[in-house]
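A single chain, nothing else alongside it, follows as structure tokens in the form predicted alone.
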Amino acid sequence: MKIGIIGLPQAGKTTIFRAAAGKYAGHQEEKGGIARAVVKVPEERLEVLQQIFASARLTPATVQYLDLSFDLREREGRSKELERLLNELKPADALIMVIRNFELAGLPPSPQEDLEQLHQEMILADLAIVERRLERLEKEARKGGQVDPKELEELREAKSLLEEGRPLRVSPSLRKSPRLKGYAFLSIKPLLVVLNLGEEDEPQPLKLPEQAELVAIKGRLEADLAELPEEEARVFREEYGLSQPALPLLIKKSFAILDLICFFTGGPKEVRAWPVPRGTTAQKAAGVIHSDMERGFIRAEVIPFEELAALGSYQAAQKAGKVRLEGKDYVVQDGDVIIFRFSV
């Protein structure tokens, strides 16, 4: 899962990036104006499963955060740089939009104005891509060339939505279209708005764009706490009235906007978390692990995490008749512990 972090200058994008990564980052790098961090998703259930299976290794799910240093408002003379950076966002599964809600050099925050401005810039950037592509396709069609009529139809629908000032993510058909996957549309991606607060600030009410989620974070404080030892950070959080670190909160919201769940696999060598879209079937879930498992799928042995944890061992769960045999069309649930049987 890749998530791009965007925002207006001095909104605190890099601060939120630091808060999101912190000590959970397995790998960080910065190159060409882009900071990347591969972050291990905190998952308490994995630690329980490691004890149950006596596993040598614990492998959590990961999220890659991308912090891109560019301003969508500054397009003049920077088209190539902007295109390069937008291309970096192509594989992103979702976007985090950071909005300033703290005083900056005596300048009070204007979160609603900033949110509307940045969201409008995303729509304008998408509209420019759509108009260029439509112009080429319509010109080709007039010459009698081969043009995909479905692509034309979808681009015209996209143009209509964007001209109304609406994001492309409001259209389920456009979101799922294989023909539009190659475009770097920003407004088609799930959106999480992060209201970046100062230490003493309270969140202001915001009117969100369509189909966007909101989370408020004291960014600078969380970034500093993320680098402290866990016990020290816990004491400071209690003093500031913070219930949990920023990372689990961001992960939880990120999973929500992407409609993801996690299933688990376990054995002596490894216990592992596997994020998949909600509604994924057992056979497709097997393919997330390895394509051979999907092709040769026979059945899935399934037990919910809570039942396995209560019984204490897989053998006890089998004896109690709690391990179910499910076929390829079984819809995987969050927290399912699954052993796949397959033949190649």
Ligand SMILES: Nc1nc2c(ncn2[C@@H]2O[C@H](COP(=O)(O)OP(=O)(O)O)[C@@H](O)[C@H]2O)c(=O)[nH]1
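Residue indices: 1-based, along the sequence shown. Here the structure is a predicted model, which means the values were calculated and not measured.
As for the form predicted in complex with the named molecule, it is not shown, yet the points below apply to it.
- For the candidate spot formed by Gly4, Tyr65 and Pro91, no residue has a non-hydrogen atom within 4.5 angstroms of the named molecule in the predicted complex.
- Contact with the named molecule in the predicted complex, defined as any heavy atom within 4.5 Å, is confined among 241 to 249, 143 to 151, 214 to 222, 254 to 262 to 214 to 222.
- Scanning Val130, Leu197, Leu118, Leu137 against the named molecule in the predicted complex with a 4.5 Å heavy atom cut-off leaves one residue, Leu197.
- At the 4.5 Å threshold, heavy atoms of Gly321 stay clear of the named molecule in the predicted complex, well away from it.
- Interface membership of Ile338, defined by any non-hydrogen atom within 4.5 Å of the named molecule in the predicted complex, is ruled out.
- By the criterion of a heavy atom within 4.5 Å, Tyr183 is excluded from the residues contacting the named molecule in the predicted complex.
- Looking at Leu104, you'd find a heavy atom of it within 4.5 angstroms of the named molecule in the predicted complex.
- For the partner-free chain shown, nothing in 259 to 284 comes within 4.5 angstroms of the named molecule in the predicted complex, judged by any non-hydrogen atom.
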